[in-house]
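Before any questions on binding or motion, here is one chain by itself as structure tokens, the form predicted on its own.
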């Protein structure tokens, strides 16, 4: 089994589109070294200016080395600095096309509720756009293929990620697949032991380092199941045991908006993409299964005292 995170840094993979660059920086910057963060922050803050610089010029601007600039470019998914410069030029052109200015202020304790709505709505939209731009559709398609043919699907998550896992499980169940979301870490591991080739295990962890999600995924990986990680840190420990890595983006964290809250939006987008993809692949069986589930629940939505 191969590790797609490592493969994404090779020239064999297509580099991210310009629109995905800003999302990549926001997603990966927290896990970078401080010198690499300086390079990433510089290209995100001034793509036009950095696009005009040589690798030596950018290294001097950021107080780093040419090697650090090249490593940062590769971590962001580009074969080399030349490819990063092309993406920066493309991003700069998009920004000059008249896009509305970003809402950058954090939510304050004394913000009027109308401002809270506006700020949250903007952050949610940005998170969804970043996730869509940075999502590797090749990895997504491979995960969909595995899920559509799976004998059994196990999903692991803790805290807010467990809620996302339960959402995916109930969606897959309604189209006739055998899917279980495990929130108890002991049961997750004892169930993972039973998996084998032809099964799929999914770990959902924003940090990429949640032990209670990683351990059952590792067990499933060792047992031969196809493994998928949905994470905001594609270079985190969870990726060591994932055949397919689906990267999410997050809105800016603040005192009133923790990571668990901001990551959920992007995770749910990935879950919906997986579900729709599987439903498309299995339409002949999914459509009647979904209709049957609607029919089974229809009487629960009928007002009391009325007949169906």
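Positions refer to the first chain, counted from 1. For clarity, a rigid core is taken as the largest C-alpha set superposing within 1.5 Å between two forms. Treat the numbers as computed from the prediction; the structure is a model and nothing was measured.
Just so it is clear, the following notes concern the form predicted together with the DNA, a form of the same protein that is not shown.
(message) Please tell me which of 85, 152, 218, 119 lies within 4.5 Å of the DNA in the predicted bound form, judged by heavy atoms.
(response) So the residue touching the DNA in the predicted bound form, by this definition, is 85.
(request) Name the single residue among 70, 269, 61, 44 that comes within 4.5 Å of the DNA in the predicted bound form, judging by heavy atoms. (result) Only one option qualifies, and that one is 70.
(request) Consider residue 80 of the chain shown here, and say whether it contacts the DNA in the predicted bound form, taking contact as heavy atoms within 4.5 Å. (result) Residue 80: yes, in contact with the DNA in the predicted bound form.
(message) Is it the case that residue 55, even though its partner is missing from this view, gets within 4.5 Å of the DNA in the predicted bound form, heavy atoms only?
(response) Residue-level check for residue 55: yes, a contact with the DNA.
(request) May I ask you to state whether residue 240 is within 4.5 Å of the DNA in the predicted bound form, using heavy atom distances? (result) Judged by the heavy-atom cut-off of 4.5 Å, residue 240 is well away from the DNA in the predicted bound form.
(message) Taking any heavy atom pair closer than or equal to 4.5 Å as contact, tell me whether residue 35 reaches the DNA in the predicted bound form.
(response) Answer yes; at least one heavy atom of residue 35 falls within 4.5 Å of the DNA in the predicted bound form.
(message) To test your reading of this chain, name the stretch in 172-180, 72-80, 121-129, 208-216 whose heavy atoms come within 4.5 Å of the DNA in the predicted bound form.
(response) The contacting stretch is 72-80.
(message) At a 2 Å cut-off on C-alpha positions, does residue 80 qualify as shifted between the shown form and the other one after fitting the rigid core?
(response) Yes: residue 80 shifts by at least 2 Å between the shown form and the other one.
(request) Superpose the two forms on their rigid core, then report whether the C-alpha of residue 69 is displaced by 2 angstroms or more between the shown form and the other one. (result) Where the cores coincide, residue 69 still shows a C-alpha shift between the shown form and the other one that is 2 Å or more.
(request) Kindly check if the Cα atom of residue 54 is displaced 2 angstroms or more between the shown form and the other one relative to the superposed rigid core. (result) Yes, the C-alpha position differs by at least 2 Å between the shown form and the other one.
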